[in-house]
Every structure is written in structure tokens, then in C-alpha cells.
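Have a look below at one chain only, the form predicted on its own, in C-alpha cells format.
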């Protein structure tokens, strides 16, 4: 009995001395995995999952692996809000998503009240104009991107008039208002204001009205699938892109748009904040890893999800602890170098509103591929390292 008791005491001492296994750090994702936002949400989710897999293979963040659970918003703002509340109940460190601006606006109220940092793919300018200290972008705000493309339209293309085709949701309204403002300040007249609906299939009337207005440039601000349908209709009605350029943002010439539109996408031009076709070896390497993992090419949303997770890692490790409030405060002046943190792909900085700044690109579709025409410098809202 005495030997058994001694052995038990020794075993207990060993167990007590053994280091505790580090608990996983919890992330929750709410993404558009069905409905009109399927392409955007699925790419964002895939990019985030790829980053998490890589980070976990390297030992995690501060020695803790990332555990993530993901849910489908069905591209519905009401569903997104309910899922954000469910996420809050799980007490995660980070909320990833959504991508659609309307769903961001509905869900971020819940996350803000809980003090939960939220990394979003939405680009509507008003997202970060409401004083929410817990919301952070993975892409440009319309307030940063529209001046870049407006300078190109007024300066390089020397346009005096434009028609604007936009989708009637929070994303589209914000873009339409912002481009109209920027064009007005450059003495470029909006000669046709063409509202379309999310999921719209028939664009024949839209193109007819655009042709009747005879603009120097047609500016397109739609979701990916709708952009492809519009491009096909433009080709069907004989639109001449050399005479009247078709210009937009990333959603006009994204990878999915090119696949769906085929040769109708050739000649379309856009300002792109993120693209796998950029002359950047880190982006090239990411593109290869993404395609190997998912048997498809990543669009800008895949890059958003991937880089967002790596920025979270970099800022948390600099902070040295998992503290949601301290993390949000640190993000207000965050500067993350791609040299020191290759996973962020492009050096980036953030301002007090959660907006980011970095290089971006002017691209045109040629022979079914995005071709980078020029690199556009940061707009200067913060200091890029």
C-alpha cells in the first residue's frame, strides 16, 4: 500500500508540473455563402481559411492555434445581424465578415455593442463614418478608391461626361454618390444615372439608355455577376469600348466577372485595390497556393480574407496579448510591413476610423486577363511602412 501511495503522489506531482495546453483562440466568420454574394463571400472565407491553416501550421498566434466557426448570411442583412448576435454569445476574439455593405451595416451594431473587433470586406464609405471603434476594413473605402479612378477618368481619359450604372443597395448607393461627387469636382458631368437591382438579369434597357446618353465614359458599379451580364449586353448591342471606355472598380473586372463575361470583358478598365495579377511576388505566391487549395483562381475578396487574418496576427503579436479592447485601440495607428510580415502581401496602414491605405492598381482586361497598366500610390490617410 505504501508503494502504491508513493507512486500516486509521484504521478500527481508530474501531472501538476506538466505545462497546460494552450487554449485555441476563437474566431467566428459570417460570410455570404449563398445568394447574390456567393462569389464574394466564398472567396473571402477561402482566403481567411487558407491564412488560418498556414498560421496554425507555424504555431498559431502567441502560441495559440486559431479555431474558427463559419456561418452563411445568405446575403441577407437581417440574417447577418442575427449571426453577429450568435457570434457575440460565443465570446470570440475576432469576427470576420461579412462582405456585402448592407450586411456589414446591420451586423456591426451588434459587434460594436459587445466590443468585438470585426474585420469586414464591405467598401461603402458610411461604414467607417459612424464612429465605430471596432470595425476594420480589408479593402479601400469608396472615399479612398473613388478619387483614384476619378483622376484617371478626368485626367488620363479626358472625359467631360459619364453615365453611371450602379446597383441599388448600400454598396451601390455609396459608390454612385461618391463618384458623382468626385466627377463634379473635376467638372465632369453625369449625363445618365442608371439604377439597377441586385440579382438583375436583363440589362438591355440599361445599355440602351446608356447609349442614348452618349457619354465619354460608362462607369459601372455593380456586383460581380451583374457586371458580367452588363458586359455581355454591351457587346451584344455593339458598344465600342475604344470610343466610349467602360470603367469601374474591382467588381467590374474581377476574376469571376472575366470567367462569366468571356471576351465581352476585354477592354473593360478598373481601379483595383487587390489583384493576383499585380507585379508582386507575394501576391503571385498567394495566387498559386489559393488555386492549389480550392481549384479556382482567387479574386480580390480572397486576398481580403487572407491579408485580414495576417494583419490580425501581426497586430496581436506586437500587442503581446489577446485583449479585444487593446487590439482595437492598437489598430488606430497600425502599420504592418510586408517585409516583416509576408502574409499581409502588401504593406498597409490604418487610421483611427478603421480605414486602410496602401498601393493599388489601374488594370484593363486583355485576352481574358487583368493587365496592370500602372501602380497608384497611397492616398495619404495614414503612413504606409
Partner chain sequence: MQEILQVTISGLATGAIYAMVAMGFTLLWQTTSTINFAQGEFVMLPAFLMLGGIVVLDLPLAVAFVGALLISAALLGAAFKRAIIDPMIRHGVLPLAIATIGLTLALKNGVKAIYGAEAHPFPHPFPVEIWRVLGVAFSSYDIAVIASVAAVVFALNRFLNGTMTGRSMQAVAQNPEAAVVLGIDVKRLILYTFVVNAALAAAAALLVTPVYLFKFDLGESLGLKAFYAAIIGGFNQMRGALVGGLIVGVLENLSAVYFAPAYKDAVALGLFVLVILFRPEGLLGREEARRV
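No experiment lies behind these values; they were computed from the predicted model shown. Numbering follows the first chain given and starts at 1.
Form predicted together with the partner chain: not shown, discussed below.
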Quick one: is residue 212 in contact with the partner chain in the model of the complex, heavy atoms, 4.5 Å cut-off? yes
Considering non-hydrogen atoms and a 4.5 Å limit, does the partner chain approach residue 187 in the model of the complex? no
Close approach of residue 259 to the partner chain in the model of the complex, 4.5 Å, heavy atom: yes
Would residue 34 count as a contact of the partner chain in the model of the complex, using a 4.5 angstroms cut-off between non-hydrogen atoms? yes
Could you work out which of 173, 235, 289, 160 is the residue within 4.5 angstroms of the partner chain in the model of the complex, going by heavy atoms? 235
Ok, 229, 81, 148, 313: which has a heavy atom sitting within 4.5 Å of the partner chain in the model of the complex? 229
Given the partner chain in the model of the complex, answer whether the residues 195, 205 and 208 all have a heavy atom inside 4.5 Å of it. yes
Specify the contacting stretch among 38-46, 52-60, 339-347, 316-324, defined as having any heavy atom within 4.5 Å of the partner chain in the model of the complex. 38-46
